[in-house]
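Given as structure tokens, the chain that follows is alone and in the form predicted on its own.
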């Protein structure tokens, strides 16, 4: 039992610039549940157990400055308190753990000091009817690296957060009576640029192509294709511990979202699917939502996981299928 304050901030608003200080939800990029330039921490157990979608994003204690000019606008973010991703873990979730026999685990939390402050910058403007943005981020991976004391027969694991820089861009606008989304980024793994540290993630290039269109009245379909290319792949293979599953040099992920509104848009039928062509694993999210009043709504849905191997991202969650029921009053 605990108290989770998701948002609590102070705003100062003027004609040309705004300032926000406090805990806030930061959302960047154009992907739908695929995060490339989005720097914010995530709560995956909340998402995998059927909580409302906004609970996937965790609040960041940050300073945000927005500047609005005719030529270009800017968003600058300073985060002094690092917040890691919340990952699924036992006993609530069944997951694959190559070091399940090792119980001695230490997490090296990042100290709150100047050199550990996260910095992020977004420049954006409209170009020929498209919303265009460029991004830069300097901080840390939010999923920890795992370093065993002995690769052959480990007795202790040290979890740490490698340094990371991200440089990216996105573009979104109307094309062929729909919405086209393009996004890409280079993940510069500052602690493992040589690619020979198995405990740290290699540098990667990521991209996303998405298209959304209303096919008939109140029915919308959206498809996304994303890829991740690992740099220094040969060095990664040479240093990969035998207990770890091998990643592909080029990983792929596709998504499909179908949405139908009925009864004057008070009834919503939706379906979302993740599928990885590399890993042959998937996650399916069917949901029915009914707006009972202007302030009260109910939803019934499920999370269905599957895959051929228990070592892939969704395949390891195969035993975690669930059904959820939400009743929510908003004011």
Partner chain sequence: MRKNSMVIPASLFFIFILSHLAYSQEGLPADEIIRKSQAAFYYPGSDMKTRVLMKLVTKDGKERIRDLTMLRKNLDKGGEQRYFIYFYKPPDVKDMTFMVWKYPGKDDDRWLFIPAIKLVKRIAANDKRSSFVGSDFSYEDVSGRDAEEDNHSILKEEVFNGKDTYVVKSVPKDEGSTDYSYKVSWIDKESFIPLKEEHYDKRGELYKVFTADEVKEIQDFPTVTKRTVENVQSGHRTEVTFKEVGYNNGIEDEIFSERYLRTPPRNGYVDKSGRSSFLFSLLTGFSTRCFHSWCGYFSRWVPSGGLYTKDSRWE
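Residue numbers count along the first chain shown, from 1. Just so it is clear, the model here is predicted, and its values are computed rather than measured.
Another form exists, predicted in complex with its partner chain; not displayed. Remarks below refer to it.
Asks: Given that the partner is absent here, state which listed stretch (87 to 95, 225 to 233, 112 to 120, 195 to 203) has heavy atoms within 4.5 Å of its partner chain in the model of the complex.
Replies: Residues of 87 to 95 come within 4.5 Å of the partner.
Asks: Taking its partner chain as it sits in the model of the complex, is residue 163 in contact with it (heavy atom to heavy atom, 4.5 Å or less)?
Replies: Judged by the heavy-atom cut-off of 4.5 Å, residue 163 is well away from its partner chain in the model of the complex.
Asks: Considering non-hydrogen atoms and a 4.5 Å limit, does its partner chain approach residue 256 in the model of the complex?
Replies: So residue 256 does not count as contacting its partner chain.
Asks: Closest heavy atom of residue 149 to its partner chain in the model of the complex, within 4.5 Å or not?
Replies: Output for residue 149 is no: heavy atoms all beyond 4.5 Å of its partner chain.
Asks: Using heavy atoms and a 4.5 Å limit, would one call residue 276 a contact residue for its partner chain in the model of the complex?
Replies: It does not: once its partner chain is placed as it appears in the model of the complex, residue 276 has no heavy atom within 4.5 Å of it.
Asks: For the three residues 51, 264 and 292, which mark the spot I'm curious about, does each lie within 4.5 Å of its partner chain in the model of the complex through at least one heavy atom?
Replies: Yes, each of 51, 264 and 292 comes within 4.5 Å of its partner chain in the model of the complex.
Asks: Along 3 to 17, which positions have a non-hydrogen atom within 4.5 Å of its partner chain in the model of the complex?
Replies: Result: 3, 4, 5, 6, 7, 8, 9, 10, 11, 12, 13, 14, 15, 16, 17.
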